[in-house]
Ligand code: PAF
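Okay, so here's just one chain, in structure tokens, the form predicted on its own.
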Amino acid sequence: MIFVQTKKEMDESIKLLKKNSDKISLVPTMGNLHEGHLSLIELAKKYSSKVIVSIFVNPLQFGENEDFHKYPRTLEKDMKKLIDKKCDLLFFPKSEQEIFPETHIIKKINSGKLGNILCGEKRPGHFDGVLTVVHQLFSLIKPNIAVFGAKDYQQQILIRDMSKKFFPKIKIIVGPIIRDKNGLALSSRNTYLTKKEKEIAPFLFKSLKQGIKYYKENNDVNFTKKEVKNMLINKGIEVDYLEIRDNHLNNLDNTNKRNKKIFLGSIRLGNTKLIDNIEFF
């Protein structure tokens, strides 16, 4: 596996790969890799001849009083996992300047109305930061394919829209949510959970599944959200939001009720935010 830490090294590596006519895929991450990340690498291999993984804890997507400084950084363990997965290249910028050469004048990508609902409402500016760093990575690496996970559903919708506008030749692929045996969606932030919280956390997935049954019985979004919220609160879980939308995150109405839908939820256990979603018809 090639390990590069500077833009110059990345430029040289990309030129070599392009010279060999390789189809390049990119899996952007913030590190602390788990089986969810590794599944995206496997998916990338199916669509490309070379897989690049980036590890960069992006300061632009963390708000005030969020966990930027304590976000788990596990480079040595991550490198071992990537070597085992036969990743071709790891881009681990040695500083923010390798991604944002002039941080003080960087032009942020505006995530618009879609970036200010759901998680965006709870984390103002978060998706602007996500889109800005992905835009920079796409500009630097120029992949043919980029792979993201379905757990961050709102994020991958926004990245698709941004990519269509600025990088129409990049194919965006979304991998399924990978879960523990108990149903909990894998996340780097799961490491924050206490033993007791880890026992409670899978209830989010169970509640969303139960909510879909309620919805299919009565087609009443508000009733479903109320029932599921009560289920979570009774478990001592703080609810950020619960929403049923179409699979483009539009509110349901008579024009899209028959389309594929998504039930999204965000909760807090202690100081840890967890998100999950289930698509259904």
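Note that residue numbering follows the sequence shown and begins at 1. Bear in mind the structure is a predicted one, so any value in this text is a computation, not a measurement.
Keep in mind the form predicted in complex with the ligand is missing from the figure; the text below concerns it.
Residue-level contacts in the predicted complex: of Thr224, Gln61, Asn32, Ser48, one residue has a heavy atom within 4.5 Å of the ligand, and it is Gln61.
This chain is drawn without the ligand; in the predicted complex, the residue among Glu96, Glu197, Asp180, Asp152 with a heavy atom within 4.5 Å of it is Asp152. The candidate site formed by Leu82, Cys87 and Phe91 is entirely out of contact with the ligand in the predicted complex, as no residue has a non-hydrogen atom within 4.5 angstroms of it. Per the 4.5 Å heavy atom criterion, the ligand in the predicted complex is contacted by stretch 129-137, the sole one of 108-116, 129-137, 199-207, 72-80.
Although the partner is absent here, Gly36 is not a contact residue: none of its heavy atoms lies within 4.5 angstroms of the ligand in the predicted complex.
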